[in-house]
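Let us start with two forms of the same protein chain, each given on its own as structure tokens and named structure 1 and structure 2.
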Structure 1
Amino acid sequence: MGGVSDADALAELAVRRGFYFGSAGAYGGVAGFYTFGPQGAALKRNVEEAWRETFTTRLGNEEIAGPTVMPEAVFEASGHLDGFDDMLVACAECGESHRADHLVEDATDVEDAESLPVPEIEDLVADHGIACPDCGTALAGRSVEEFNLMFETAIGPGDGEPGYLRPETAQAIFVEFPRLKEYARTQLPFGVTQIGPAYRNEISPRRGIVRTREFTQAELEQFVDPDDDDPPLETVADVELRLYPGAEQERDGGSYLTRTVREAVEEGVVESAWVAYFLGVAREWYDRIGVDGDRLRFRQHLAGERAHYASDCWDAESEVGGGVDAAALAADPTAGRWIEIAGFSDRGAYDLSKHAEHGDEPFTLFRQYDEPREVERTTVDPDMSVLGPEYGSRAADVAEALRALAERDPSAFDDGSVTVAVDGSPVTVASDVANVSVETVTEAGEHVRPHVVEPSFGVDRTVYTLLAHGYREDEVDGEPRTSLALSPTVAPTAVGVFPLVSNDEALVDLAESVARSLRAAGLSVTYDESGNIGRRYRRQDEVGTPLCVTVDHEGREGDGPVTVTVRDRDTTAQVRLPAEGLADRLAAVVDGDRTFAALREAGAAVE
């Protein structure tokens, strides 16, 4: 593997063959918004479906679909309203806006400028004489503004209520936890997934579909018992991971650690067993959809990158720069151009706590004890005939304060008197007026706030990775050829079907019936009868179709069964096979149960 990819050649192919292109080109385009053409939309759907199969169905989770527009209160709670900012500096001369932290990182040896306060960034811009990258005017003295990356809108008539396009799909899951736990029959652990659009009003969208303003996320929120739950680690214990821990990133000449999931947990390289488990599941999934393992790594967030609530966080990164071979990439983690394609983080109780604080629900779950427990509970029954005359209209509040205190700190009533605060003033009451009693009650369980472990995937970047890793230029019969070595799992078309010529009715009929039988077997088929056969192969090669079936005269000659030829995209090798039973044989190759080489041994090779 490890083909050479060229970003420009890939972008050209993407537009020409309908994978993706900048939207609204007839109106000059709008940066950061892309349209997936027929091929790209199919590839993207197949990636989503493969993700669903693994992260929803196979792991036994449930998928929901929430709205993309959500009210302000949700993002007040989540912290996005205050904290989801980029630092922006606008040039006085040309008016262009830039990420101030990026300018500082480029001009200085500061590595994580985003974490610095604004005044410090302003000073760094001035001290290092940083200039506008567009027009060269000095930016010293320009104010750096915090720019919120959420798209804002207004919901409802008139001026409406503020609403925002969700910056991540996750919030549409967290905020519905009170219902989702019911659907999971209030049993931990349970996982909820969502695949859908998310939005970030990036200041400088760039690199095609790698950094866009509207993108698709596939997220799993795994709700786990903070005390009890372990992941089913054994299912992925032996999966090997290429890990790039924080310590290795910070060490001069640091290198990758290759560990199985089990080793990574046992050695503490990955702190959270749940995170390690999902790294293993992800590694197998990337394999299945055709990500090149030599160009994939799991990189731990450095302390400065990590959200304050995340106790451990790793990114999946893919290498998409090309031009560096597998051995060199393995030897030097700083070689190549890597992009983040997924994040795995242990978010603790942060999200549900925040929503409990801001919302009207407790965001907890009732966890049954294995056996009911007897607990002593202190209750008070204040004597209102005493409190009434003494505190008048405040008597009820005093009684309430005593009840709350009994729940919070029963031992406070051990002395002769207790003091509670009512409307901010201390009130002291004799203990016996409170009528303290201790009863033994049976409790079936307790309310707990689940922790959340989140694997979060960028679908567009995954698609980009598959194209970059699959891109090939070679020669066939002395002619240059471009092809995409896409996995049959995700290729837009599984099988191309052609009659050798389009003016022979018998061949056309037969080809059409082959196409029908393959479709009936669940394979995605493209039927093509236009242009010479070589050109049709090239068309399918360019969109990554793994197999092509050609119906020719030879296959209908003689008394034997009708045969067709099947061609393999990557080797261009061909084999002649009976038309009968073809669907099952090709489905086996597409499903990965059989190789093309095995198919070739079973049939008559075609030279």
Structure 2
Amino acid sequence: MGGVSDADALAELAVRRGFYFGSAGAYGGVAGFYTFGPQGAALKRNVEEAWRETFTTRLGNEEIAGPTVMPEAVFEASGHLDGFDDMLVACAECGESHRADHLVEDATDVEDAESLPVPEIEDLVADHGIACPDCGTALAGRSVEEFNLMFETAIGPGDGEPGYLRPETAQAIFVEFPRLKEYARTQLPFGVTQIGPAYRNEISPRRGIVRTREFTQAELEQFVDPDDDDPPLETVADVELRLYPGAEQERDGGSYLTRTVREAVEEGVVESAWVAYFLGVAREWYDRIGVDGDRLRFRQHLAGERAHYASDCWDAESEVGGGVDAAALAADPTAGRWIEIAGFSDRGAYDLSKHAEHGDEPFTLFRQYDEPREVERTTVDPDMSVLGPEYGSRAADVAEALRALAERDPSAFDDGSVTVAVDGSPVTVASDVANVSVETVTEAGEHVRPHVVEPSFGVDRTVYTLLAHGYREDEVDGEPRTSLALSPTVAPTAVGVFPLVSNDEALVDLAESVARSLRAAGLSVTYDESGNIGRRYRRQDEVGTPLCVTVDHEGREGDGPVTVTVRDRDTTAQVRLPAEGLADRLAAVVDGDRTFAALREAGAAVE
């Protein structure tokens, strides 16, 4: 049986086998923070490496590692200071705070309450008699407030400079664009990736590692020329996607559309060819790491939930509730329990434009023409004899702001006066003082502000998805068994090695030697000689180890080469193989280049 129907069963397994657990338990714990144990840390690391191999190495991108604390000015420019809010409602009786939109979703048929305005959320709370989950007190009449999710800190001693823990890894890439473009030799398109922690002071963390206050993101910022750069769509053109467009979500009885990447672009189901390309890359990657394709979909953001700067946005969502068969999930998009595990957004030029307005660097790159062109250029030569007496030490800043505006928006000077912002304050200058002129110049190229296409993956939620999709309960030799059918690509341990018995020194020495040889070949290995062999198999099955090697007396009999038995986790089938060359054979299975069935054909099956 595949899929966990009870989240508590998965949480119990996660704690018992060392995947993840609440942090600081010795001090009562703190909501929204989790420690990944030995198994979870290895699984998470393998997911990150698999992502890096695809989205950095295979796609030919570069990776950076930016700081997790950044100055306030960065988030003022990005808009996070003013707009990075969730809806909070506090209980008058017990004082606990809750996500108002989550309470509405739990108590009604509303699926995307986050996209609704605050007054409508307040009405829904009252109309449905929604009460505080902790004490049961009615929340009708309680105001819903906007709560900024960023963690604030001070940079330096004392009050220091205000700063914030980054709420996403993306800004650490955007603010470094002026330098990163030089590393890319100012050639578009180019991509920059980053894997690292982000922080959001969630009002009500829930669902274990699905919604936390510290989490890991894997993001790619693809910088493209919107006029000239097309994605290599042919590389994923035939990849099939299960799409849930906005129109289908809003239609009674709406359903999924199954399209190839090529069809999705040609039919206009996915507006951005770059977004469609990354949906195809992501689908292949999810298949590789073991996400169940029957429990994966790509859902388009509705207009109310899409960021104002995004022309199109799709989420990869996984079903993690279990207990619903594949046919039901395919037929009914409302069936199951879905979580967002990645987002794919065409962010346009918004981010670089905002940082250009607030920063001291040009967030553009120079594109050379094939042939020089004659163009009309609006310039200003401010009359400093007027600006100096009127604005004093600010006169030079006013002049610079006028010049920048002339480059950005020449039509702003068409009226008798023009207004610019200097140190956050408006300054109005007469057009004749600005000395506006239009001249014809010959240019070899132009400065281009790239657009950004962003695939952003939640690593922790991907880990949760793999555990939920990999969970199995069955019987082996008449006994119940719990196992995790994790892909060998990401499984915490690749191979378990056991001596059949622990009281035979020669057998133990040989098993330890096999373990060393496998480790030397780069395979992660668990060595275990405690308990009977059946229990050792069950322990490895439960943490998702795909292969187990047992060293027994039969493998040392006679004058022939030493042999061992290799057991497959999912089928429990076994094959006897020579110990010599074993590492290469098992590595091929772990890397996905060979199946266990192929190993059985090459060796002697053990019944």
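C-alpha atoms forming the largest set that superposes within 1.5 Å between two forms make up the rigid core. One-based numbering along structure 1's sequence throughout. Given the structure is predicted, the values throughout are model-derived calculations rather than measurements.
Visitor: Looking for the form predicted together with another copy of the chain among these two structures; is it 1 or 2?
Guide: Structure 1, not 2.
Visitor: After superposition on the rigid core, does the Cα atom of R377 shift by at least 2 Å between structures 1 and 2?
Guide: Superposed on the core, R377 moves its C-alpha 2 Å or more between structures 1 and 2.
Visitor: Using the core for the fit, does the CA position of E105 change by 2 Å or more between structures 1 and 2?
Guide: It does, since the E105 C-alpha is displaced 2 Å or more between structures 1 and 2 after the core fit.
Visitor: Compare the position of the CA of T153 between structures 1 and 2 after a rigid core fit and state whether the shift reaches 2 Å.
Guide: No; that C-alpha moves by less than 2 Å between structures 1 and 2.
Visitor: Once the rigid core is superposed, tell me how far the Cα of S143 moves between structures 1 and 2, in Å to one decimal.
Guide: That residue's C-alpha is offset by 3.7 Å.
Visitor: Where the core is superposed, what shift in Å does the CA of L405 undergo between structures 1 and 2?
Guide: Core-aligned C-alpha shift comes out at 10.8 Å.
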